[in-house]
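In the form predicted alone, a lone chain appears below as structure tokens.
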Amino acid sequence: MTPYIFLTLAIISVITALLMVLSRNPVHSVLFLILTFFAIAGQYVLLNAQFLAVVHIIVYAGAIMVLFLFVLMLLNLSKDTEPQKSNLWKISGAIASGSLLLTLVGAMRGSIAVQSPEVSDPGVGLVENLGKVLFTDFVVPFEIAGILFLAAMVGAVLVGKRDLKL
């Protein structure tokens, strides 16, 4: 059952990535990219890396893609303001993408066998195990990293203030 779910998620991610590249509307491109990120997060779950899947959704689909949407909405792209590209650019892009496709097909030839990974410990990628290791074996480096982040935030606030007099 797992190989079928993996193949389904792989097909979804490839199709949505292609739709993202081929879409003419930039907002639709961003939405297709978010769907691609969700399909990749599903593949992380299949690999028993739930923490990585959740972080992938929060960081990429949640934060970065929202910023992309805000930038696209603020840019106010229209056909009048964008420069028109000549046919030479289109032909060179088609040649470059065709040679990349040819290289990928040559590299992947004979290596399409799908096998599910052997998991010796079913709790390897769980957040619970990561938290236990983080707060037992690596508690001192974790606290030092927290102090460094606090110092960086204080430094950013001090640099951001305009009328700072020491």
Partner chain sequence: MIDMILLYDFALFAQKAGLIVVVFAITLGVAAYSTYGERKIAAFLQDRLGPSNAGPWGLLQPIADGVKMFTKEDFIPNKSERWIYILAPGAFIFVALMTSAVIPWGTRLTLFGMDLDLQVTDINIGILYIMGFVSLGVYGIMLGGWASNNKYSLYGAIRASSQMISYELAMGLSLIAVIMLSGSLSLRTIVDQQTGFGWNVLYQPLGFILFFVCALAECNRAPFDMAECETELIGGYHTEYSSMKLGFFLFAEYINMFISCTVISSLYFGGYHFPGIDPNWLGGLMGPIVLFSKIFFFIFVFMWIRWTLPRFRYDQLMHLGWKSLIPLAILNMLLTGAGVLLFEG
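Numbering follows the first chain given and starts at 1. So that the term is clear: the rigid core is the largest set of C-alpha atoms that superpose within 1.5 Å between two forms. On a predicted model such as this, the values are computed, not experimentally measured, just so you know.
As for the form predicted in complex with the partner chain, it is not shown, yet the points below apply to it.
- Contact check for Gln50: a heavy atom falls within 4.5 Å of the partner chain in the predicted bound form.
- Although the partner is absent here, Tyr44 sits far enough away that none of its heavy atoms falls within 4.5 Å of the partner chain in the predicted bound form.
- Contact check for Gly131: no non-hydrogen atom falls within 4.5 Å of the partner chain in the predicted bound form.
- When the partner chain is considered in the predicted bound form, Ala96 lies well away from it, no heavy atom lying within 4.5 Å.
- Remark: all three candidate residues (Asn25, Ala61 and Leu74) come within 4.5 Å of the partner chain in the predicted bound form, counting heavy atoms only.
- Of the residues in 26-40, those that come within 4.5 Å of the partner chain in the predicted bound form through at least one heavy atom are, in sequence order, Val27, His28, Leu31, Ile34, Phe38.
- After superposing the rigid core, the Cα of Met153 is displaced by 2 Å or more between this form and the one not shown.
- When two forms of a protein are overlaid on their rigid core, residues whose CA moves 2 Å or more are considered shifted, and Gly62 is not one of them between this form and the one not shown.
- In the core-superposed comparison between this form and the one not shown, His28 has its Cα shifted by less than 2 Å.
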